[in-house]
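Just the one chain here, the form predicted on its own, laid out as structure tokens.
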């Protein structure tokens, strides 16, 4: 492995001490003189017609400045702007997009109906109570399988089927005829919430140039376009500034406060602050898609996989959001990291009157992992075969083709991640009644970066200051994963600087080069490579300038520790400041704006799934030990090991943090989290009722990072943010199944479900 000075180490992030001391300014901490306060009136019903809407009493309340309805929105539709190839990929989809404010019908509990701006939060709340809305309840559909019935109530006029994808390779009938054993199970996952500490919030105003400025908590600076579209303004008249993010995990990828806030600011011509309450956050923003997954898997007597047949149905909720692409991730990952010659997968996402479902960490690949890894353990039990040996026999290797036909160009190292994770659990322990102990692994593969046909790109600017320090400008929102620090580390490595000598500036749609969304585990790949390209261009000019000043060949000059020196002659050296000044004096550029374009490929065939959907994948394994109380059904995870091939670690502490965070979030998903719905209405929209793991629920987590150097990111890095969570729920389910002696197929794995699996009365 090449020697690096900065890459792979753990320098403190630039914002580390600020966060430890509680000093960062988040979107909700901002205030300006004359600021109004926003309030949203939301539907209490999941399916209803707005029969009457009367805002006169609210408008008459002293201190109320604006009470806005759908009639006040210039273009009342949050449309998705799709690049050509992406639009092609969704051909045939019924893309129902959500209005900013409901006009005549509401389709989910929490849908915005009225937006209010007032002088104080109390007045805004009082005005909301004075808004009179008369609803006429309509029949709704609340189960994704029921939504497939042609006679089910229609959520939208075009029908309840939003999108179908299909995957076909080989002859699945032949595959099952060749199988000695076939296992079949149905797996179910629920709606779950992101539960970030900071709810959706923002502050907006109109600046001296008449530009609408929104400073919001978001993962996507490009939402300024959505605001411009609903207000019918030129895109350049809207500016979006990101802030420190108090958690996102995909929940702040979609539009949250942006359009409503922009509407209130533009209509009142005054600054407005809009902060969602915790209940609003629970019922108002997108959730993780629930799935029903029916799997049949066949294998020969020696464990060779012969066929997989699967039917995936996901619940999109009331609007399309990102459901077609979440479903595509599920389709591509449906067979897991295994060689399967005969495959048939049918995937469907449907509209219901449940909460809108959209992006959430792992984006469709985590649900299928629960299923394909559950099937592998079920096969191993049926064959009386070691589950690790069964996996090892069928793991994908370099040169193998996925079910989509894409050939793997690098070695996944799956066996190594699995064996090292398993070894990390240590020696098995003997249980004492009433405790049972179960152990299991789950392997996974997860895309990083967007789909190939989107023609993804990112830009970045790197420039030197006269004192020899560097500045990076890149509009890549840092969602807490250390994205900004990674860009600084890349620049420091290339330019021979200390990380403290590099500052990254971003989070502004007007003044930083476009880098795209902080989603899809794409920023290290995209903005990281853009910064790498820009830094290398600057390095080229600095080396030329230093060579002239030192009277040496450029190839003999090295940059390190903030100096330029002649290799083999450390006494012949210049400070970086001297090099920069010398370059400027000679008319050489000391800055560069560069771009990175991800490799692209045609859209996959929607009827067969054949083609190259993603450029690369991150592979890894979780190994877990659980303790199950026979009497109560209570499950406790006692040991947890995560092992992944990171390609190349940029910041070791950040990479380890991603593995730990993914593990913890997965434990919540597996064991306790679920949005309880009754006919589409949430029964637990508060933290007192919605449980997430605390420090008392989390075991010590061991993280193991392999470095193949085979990734497409800077220096061979791969993305870790989402892959770090993917195998978690499957590993927990397999470990609990091992402990109770029965296959657990539904999340969350509650004490009641464990007792049922044990054969005890609930």
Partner chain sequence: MKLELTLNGRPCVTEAPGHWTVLDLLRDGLNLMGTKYGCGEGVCGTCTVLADGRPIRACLVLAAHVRGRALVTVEGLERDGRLDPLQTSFAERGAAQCGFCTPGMLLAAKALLAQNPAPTVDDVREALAGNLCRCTGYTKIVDAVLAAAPGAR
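This one's a predicted model, so the numbers in the text were calculated from it and none came from an experiment. Numbering follows the first chain given and starts at 1.
The protein also exists as the form predicted in complex with its partner chain; that form is not presented, and the subsequent description refers to it.
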Next on the checklist: its partner chain is absent from this chain, but in the model of the complex, do 292, 402 and 612 each have a non-hydrogen atom within 4.5 Å of it?
Outcome noted: no
Checklist outcome for this item: Heavy atom within 4.5 Å of its partner chain in the model of the complex, from candidates 195, 532, 396, 383, belongs to 195
Next on the checklist: Can you work out which of 521, 219, 682, 665 has a heavy atom no more than 4.5 Å from its partner chain in the model of the complex?
Outcome noted: 665
Checklist entry - Should residue 33 be counted as a contact of its partner chain in the model of the complex, where contact means heavy atoms within 4.5 Å? => result no
Next on the checklist: Please tell me whether any heavy atom belonging to residue 54 falls inside 4.5 Å of a heavy atom of its partner chain, as the geometry stands in the model of the complex.
Outcome noted: no
Next on the checklist: At 4.5 Å between heavy atoms, is residue 692 in contact with its partner chain in the model of the complex?
Outcome noted: yes
Checklist entry - Would residue 589 show up as a contact with its partner chain in the model of the complex if we use heavy atoms at 4.5 Å? => result no
Checklist entry - Just one of 653 to 661, 124 to 132, 145 to 153, 101 to 109 has heavy atoms within 4.5 Å of its partner chain in the model of the complex; which? => result 653 to 661
Item to check | Any residue of 360 to 384 that, in the model of the complex, places a heavy atom within 4.5 Å of its partner chain | outcome: 360
